[in-house]
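The data below hold one chain only, encoded as structure tokens and taken in the form predicted alone.
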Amino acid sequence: MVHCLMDGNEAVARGAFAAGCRFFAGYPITPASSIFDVMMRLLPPAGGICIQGEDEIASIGSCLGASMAGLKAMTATSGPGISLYSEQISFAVGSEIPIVIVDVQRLGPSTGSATRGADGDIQFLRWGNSGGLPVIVLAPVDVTDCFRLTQHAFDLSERLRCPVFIASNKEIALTRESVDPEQLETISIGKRPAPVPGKPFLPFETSPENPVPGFLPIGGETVVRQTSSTHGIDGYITTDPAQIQDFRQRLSKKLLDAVDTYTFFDYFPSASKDLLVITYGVTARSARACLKAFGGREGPFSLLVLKTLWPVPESVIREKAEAAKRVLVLEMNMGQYVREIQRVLDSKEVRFFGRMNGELLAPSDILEACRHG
């Protein structure tokens, strides 16, 4: 068994390549830049395209153009870049353009601290598009997750025709771990739905069996109409309230109705039923270290590690919290996801422990919070 050292950014890039990504555009930004470096090594020899845009806006715009032409596309940035991506994210949501967007979070706000990690973009990823429609956000814990969840991001983006975010963190992205490459399994990647057969092509027409419109690439034999404005199934701008409402409801339902099929999580039960700890990202590793110190099932809490953050996986949260008397939510921010846990578990005592100063939550911090939280 031959192991190698790999960090989260390299694992994201290799996961994207394994998923069939053949177009990457980005602008250098710490701590995401090494994703671009790896894609530059992987894509051109395979006939793919890797470019540095003149800025973040040009980079994500290039990716959307490549995606509309039929390529699997990915971009990567950090918090300041996500801010600049916002308009194009809305375009991807409203015009159903598949794209994977990696946010290697660093301490904010604004340019913040480029070499300090945080999970301060969690709310922004969900609500950073005009219109507030749902998006998918996956949160890896380690290198293996970075490889696996990036593939799932492409699968979901292609099948559901939507942007999918990878909410990484500086600590996950730049920490090298020993990995057995043979254990980095590839998954089957779904395809964009085909147009409704036997009918003239309408770019946003759906069928009763599939709420996702059929896809044809721009630049092919069939004329494909695309717009960022409110449109009907024919792609033309519309002001008809009924069409607008139906369209918005479909954009929401196609993600919300399927969330249980892409809810990724880890659950570590404990003999103690009193306390459930819920967390995500790199903080999950500190929480796991707490349990290991107590011999796993003898630990002072059960642990739910969420890897699908948005849409909120309400079913698994309710299921794992059913027996708990108290719930403690751990985050590397001032409390962004805890509000969703409080909403879902409105009949339970839900407490928060976190900070946003560039330091990890240590196992000793978590144990202290469990005792006094």
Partner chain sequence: MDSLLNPNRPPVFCPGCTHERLTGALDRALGLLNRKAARVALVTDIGCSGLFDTFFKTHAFHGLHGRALTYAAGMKLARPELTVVVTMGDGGIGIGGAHFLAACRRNLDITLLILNNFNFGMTGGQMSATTPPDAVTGSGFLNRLEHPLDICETAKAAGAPYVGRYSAFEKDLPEKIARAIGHEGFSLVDIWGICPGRYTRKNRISPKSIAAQISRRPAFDGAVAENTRQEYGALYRETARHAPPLPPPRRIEAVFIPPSTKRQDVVLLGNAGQRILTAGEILCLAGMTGGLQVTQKNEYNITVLRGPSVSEVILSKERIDYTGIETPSVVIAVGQEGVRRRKGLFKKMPPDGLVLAAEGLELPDCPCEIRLLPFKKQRIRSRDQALAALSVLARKNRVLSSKMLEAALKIRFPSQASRILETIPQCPPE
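Source: prediction; values computed, not measured. Positions refer to the first chain, counted from 1.
There is also a form predicted together with the partner chain; it is not shown, and the following applies to it.
Remark: Glu322 does not count among the residues lining the partner chain in the predicted bound form, judged by a heavy atom distance of 4.5 Å or less. Residue contact check for Arg41: one or more of its heavy atoms lie within 4.5 Å of the partner chain in the predicted bound form.
In the predicted bound form, the partner chain lies within 4.5 Å of some heavy atom of Gln88. Using a 4.5 angstroms limit between non-hydrogen atoms, His152 is distant from the partner chain in the predicted bound form. Exactly one listed residue, out of Ser270, Thr175, Thr263, Asn129, brings a non-hydrogen atom to within 4.5 Å of the partner chain in the predicted bound form: Thr175.
Screening Leu256, Ile244, Val196, Ile218 for any heavy atom within 4.5 Å of the partner chain in the predicted bound form leaves a single hit, Ile218. Only one of 119-127, 176-184, 153-161, 74-82 places residue heavy atoms within 4.5 angstroms of the partner chain in the predicted bound form, namely 176-184. The candidate site formed by His3, Ser62 and Leu360 is fully in contact with the partner chain in the predicted bound form, as each residue has a non-hydrogen atom within 4.5 angstroms of it. Taking the partner chain as positioned in the predicted bound form, the residues of 216-230 that bring a heavy atom within 4.5 Å of it are, in sequence order, Pro217, Ile218, Gly219, Gly220, Glu221, Thr222, Val223, Val224, Arg225, Gln226, Thr227, Ser228, Ser229.
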